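One chain is shown next in structure tokens, namely the form predicted alone.
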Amino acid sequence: MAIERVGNLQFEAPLLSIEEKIEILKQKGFASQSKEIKKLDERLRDLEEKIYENLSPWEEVQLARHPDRPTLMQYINLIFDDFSELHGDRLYGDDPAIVGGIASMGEKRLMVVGHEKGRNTKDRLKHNFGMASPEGFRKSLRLMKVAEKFALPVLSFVDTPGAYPGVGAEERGQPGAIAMNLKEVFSIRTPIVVVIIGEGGSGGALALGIGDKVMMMKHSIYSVISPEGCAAILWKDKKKRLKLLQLFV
């Protein structure tokens, strides 16, 4: 099956071209199992394998940030039979960048928490592109402790370029909130499974990235800092991110 894409990444242009040809044939009445479409499908699969297995470091970063990549809420809607979202850190407010709540899968119940980036521009602004503030980290820790109290396993989804670097977040204790997560989550006595579903950057990712089992989806990334952030520190210019990534080739 072809990967759905919007074709906004340069290296995906050849794939988009083949998909457009398939769509044109379908509009003309060709059946999905017709010789013409099957030939294009086979060509598409071969090209996908060739492209996605030979990506440069920067292309890997782009794919991890792909706008069509599934978000936390999409995973929740696809995996679980029911989800009851819980809000607030009980100290300051609620942070939409972190979504969490109790989910059910058949007779199994568990606590789900993670970063939500949003699907469109309005949604991404609402969720601050998955960049959490102190109240978001405190909320995630609160929910994990609730899970411990009721003996619920925790499933943590990580997808963020990093913690929100705004002045307000710093004033409300951003470093302390992340540090508290790192300290407290290690002692939580309930199973925690972490999945990096897209981008795992810096302490913003690590605050939700401590678990008994840590896994990564294909073409996801997990790093101590974003390429732009590292380039800004080393060369005072985030545009030099490509120079940084060349060091890993």
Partner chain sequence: MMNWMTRARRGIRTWHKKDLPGGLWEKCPSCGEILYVESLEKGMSVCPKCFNHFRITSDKYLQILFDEGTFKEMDSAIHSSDPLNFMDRKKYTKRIKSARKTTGCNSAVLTGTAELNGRIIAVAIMNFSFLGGSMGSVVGEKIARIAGKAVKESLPLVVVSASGGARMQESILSLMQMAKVSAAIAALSNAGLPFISILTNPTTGGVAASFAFQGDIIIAEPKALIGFAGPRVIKETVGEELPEGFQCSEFLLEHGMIDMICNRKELKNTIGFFAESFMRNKELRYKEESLDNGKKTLSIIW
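In this text, all values refer to a predicted model and were calculated from it rather than measured experimentally. Positions refer to the first chain, counted from 1.
This protein has a second form, the form predicted in complex with its partner chain, left out of what is shown; the following refers to that one.
Against its partner chain in the predicted complex, the set D89, R109 and P191 is in full contact: each member has a heavy atom within 4.5 Å.
Residue heavy atoms within 4.5 Å of its partner chain in the predicted complex occur in exactly one stretch of 70-78, 167-175, 118-126, 139-147, and that stretch is 139-147. Residue contact with its partner chain in the predicted complex: I102 places a heavy atom within 4.5 Å of it. Not displayed here, its partner chain is approached by L152 to within 4.5 Å at the level of heavy atoms in the predicted complex.
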